[in-house]
Ligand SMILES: Cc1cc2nc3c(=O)[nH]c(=O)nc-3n(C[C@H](O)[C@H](O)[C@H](O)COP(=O)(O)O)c2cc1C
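Take a look at this single chain in structure tokens; it is the form predicted on its own.
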Amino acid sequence: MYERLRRFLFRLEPERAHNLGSMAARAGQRLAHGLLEKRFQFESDRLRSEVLGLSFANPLGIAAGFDKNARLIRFWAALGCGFAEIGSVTAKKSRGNPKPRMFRLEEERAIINRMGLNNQGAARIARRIAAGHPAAIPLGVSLTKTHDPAIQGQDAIDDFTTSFSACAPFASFVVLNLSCPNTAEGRTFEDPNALDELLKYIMPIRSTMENPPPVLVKLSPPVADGVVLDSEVDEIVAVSIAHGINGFVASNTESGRDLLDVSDERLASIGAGGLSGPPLRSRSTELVRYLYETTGGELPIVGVGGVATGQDAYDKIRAGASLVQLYTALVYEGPAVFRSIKMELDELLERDGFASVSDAVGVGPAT
């Protein structure tokens, strides 16, 4: 069914297709919640786990970027997601970058976007989350600095803490998105010294909350295949651990284009933006593996980047991810992708003798 619908949607400009899909999802979560669950749910005790002090029915979630304004939380639960991450949310509302700002690379089943953090702002989104709390599934909130190059230094920290203070009380966990390839600033707090200053403010605010949510740090992928991750990653990890960060998300989208087999003319016509989808798979998995080894498996990792099959999810789990996210695969495969990935993952775990998904975390590549 989705294959026929995709042919129609892919005739439209990508952002328009995304908006139409989101509108349909909003209608579906109001009018056909039970039908969605019947069609898309798949449950297995083997997929259940406890991560970050939270209970997950399965390790598969929707990544940040799709549901920026927290309008589809019930929809993600009805599709059988184990959790959802909304945002990224900024202190100030933003229309984002000029259009067009989203592009499909169908031959790579990938997306390039430079949306520019278009969202309704932390105060409004926090009210929406609070109105629907508690969510049926664990809800992560991705936070980042407002898309405005003029906001720097202490103003940037204040901007970040404004969002954290507004949204964190209603989140199951919070993700600090340190870099965003689709904004003019690019890297913001993905510098160990800048991150240290930010966490000096964020973590004390967290400590004053009645039910402080876990806080995770999201990192960029390696700059090339096979590159030994440099000392900056180690410094980010050390700074994060020193401040009591609870885990990591690996990884953000990719700003480079060396992963693509696409003509220079096509890439020039698209311009800047963050790459997501299968081309990013190996690099994001490598970052998961590196973080797991660097931390000795002591901190949970959320693996994201190029997940489209159960095998993709399984590879990230065996590399060290306790949870896995997708986004681009939903665009190309449709909502049934969550069920198919879970079913395949469950079969792989059973085949290899794992009683639970937690048992497979960090065991290394299959031999």
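Because the structure is a prediction, the values reported are computed rather than measured. Each residue number is its position in the shown sequence, starting from 1.
One more form of this protein, predicted in complex with the named molecule, exists but is not displayed; see below.
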Contact test in the predicted bound form: Y314 vs the named molecule, heavy atoms, 4.5 Å: no
The named molecule contact at F338 in the predicted bound form, heavy atom, 4.5 Å: no
Non-hydrogen atom contact M115 with the named molecule in the predicted bound form at 4.5 angstroms: yes
Contact test in the predicted bound form: S163 vs the named molecule, heavy atoms, 4.5 Å: no
Contact residue in the predicted bound form, from A70, A63, L52, A57 (heavy atom within 4.5 Å of the named molecule): A63
Stretch from 209 to 217, 293 to 301, 153 to 161, 247 to 255 whose residues place a heavy atom within 4.5 Å of the named molecule in the predicted bound form: 247 to 255
